[in-house]
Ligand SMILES: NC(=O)c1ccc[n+]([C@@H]2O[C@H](COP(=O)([O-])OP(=O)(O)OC[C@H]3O[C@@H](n4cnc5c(N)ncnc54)[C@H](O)[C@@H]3O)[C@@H](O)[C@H]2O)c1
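Take a look at this single chain, the form predicted on its own, given in structure tokens.
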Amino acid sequence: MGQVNLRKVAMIGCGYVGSAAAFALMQNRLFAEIVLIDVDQEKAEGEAMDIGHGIPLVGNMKIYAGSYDDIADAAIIVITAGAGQKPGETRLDLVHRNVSIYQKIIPEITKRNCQGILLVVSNPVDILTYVTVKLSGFPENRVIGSGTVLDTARLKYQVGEHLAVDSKSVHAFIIGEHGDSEIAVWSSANISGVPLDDFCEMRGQWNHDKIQENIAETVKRSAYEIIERKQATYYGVAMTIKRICEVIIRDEKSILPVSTMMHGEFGIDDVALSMPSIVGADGFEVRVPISLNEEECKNLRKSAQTLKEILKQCDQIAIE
């Protein structure tokens, strides 16, 4: 990964998501150094102090509020900064506010000649991953969006609950946009190698299409439901950030549906969206050739088109 400190992570943005992610990373002791950066310096200092007080209970590390100068040698720079989704808003509604915030953040990162990996988390994550690739000039493998990793976890959780089986044994993906046009890939879903429909029948479940439709809708509505009740979602995405960081730092070569640039796959080009991908020390390595049925292919192209329409609306924003 070049001249980076593999034990150091930078968190840009210390709102609900950034602070929850910093807390999760501190607890699993993946990093020896966590630097928190926020436009509100006092907020960053307060979070660093609060999280830091737990250090004697987990093991020695350094957690502090810093500036962009502190990110130069970070192995991973996590960007959670931006406006949050309000009740009734879609992730795409945030686009103009957060693109303009990224126009300030990304040049600050490139100025420091950072050699680490950029992990984009702010919403709409696919649009902001694209914007980050264009603004940063980083090699594409080093710009990853958290994408549908959380949606996929939500899907596995719901299927596991429905079938009364360990969700870690559920193998299924949500792909496309992290948002309303996301696609649950049922055609290749399985429970430890057993096709999903067969496993459902083993559990006495027969109305497959209706059940799948309900589960996919529950997953899609999850964030809205949580935001309605508690104004923000942050624990699930904090665990997502922790997992992606683990995969990179440990060079796990795990398959995660992260958001990266598409170059012709499934007829989709010049847009970032989520597909199952091998992730390791160099960030994104290669997309996994998942098989989709005709309807899933059609919906994936539709999802890409939704994102492209939004990017067109950003034309007045310089992301060339």
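Everything quoted here is computed from the prediction, not taken from an experiment. We number the residues from 1 along the sequence you see.
Although it is not shown, the form predicted together with the named molecule is what the next lines describe.
Enquirer: When the contact criterion is heavy atoms within 4.5 Å, does Ala232 count as touching the named molecule in the model of the complex?
Expert: Contact with the named molecule, yes.
Enquirer: Determine whether any heavy atom of Leu118 comes within 4.5 Å of a heavy atom of the named molecule in the model of the complex, and answer yes or no.
Expert: Leu118 lies outside the contact set for the named molecule.
Enquirer: Using heavy atoms and a 4.5 Å limit, would one call Ala83 a contact residue for the named molecule in the model of the complex?
Expert: Contact check for Ala83: yes, within 4.5 Å of the named molecule in the model of the complex.
Enquirer: Using 4.5 Å between non-hydrogen atoms, is Val17 touching the named molecule in the model of the complex?
Expert: Looking in the model of the complex, residue contacts with the named molecule include Val17, since a heavy atom lies within 4.5 Å.
Enquirer: Looking at Ile175, Ile77, Val170, Val237, which is the one with a non-hydrogen atom within 4.5 Å of the named molecule in the model of the complex?
Expert: If I apply the 4.5 Å criterion carefully, the residue I get is Val237.
Enquirer: Only one of Gln212, Asn141, Asn98, Gln158 gets a heavy atom within 4.5 Å of the named molecule in the model of the complex. Which one?
Expert: In short, Asn98.
Enquirer: In terms of non-hydrogen atoms within 4.5 angstroms, which of the given stretches 306-314, 293-301, 21-29, 5-13 touches the named molecule in the model of the complex?
Expert: Selected range: 5-13.
Enquirer: In the model of the complex, do Thr132, Met262 and Met275 all reach within 4.5 Å of the named molecule through at least one heavy atom apiece?
Expert: No: none of Thr132, Met262 and Met275 comes within 4.5 Å of the named molecule in the model of the complex.
Enquirer: Since the partner is left out here, which residues of 115-152 would have a heavy atom within 4.5 Å of the named molecule in the model of the complex?
Expert: Sequence-ordered list: Val121, Ser122, Asn123, Val125, Ser146, Leu150.
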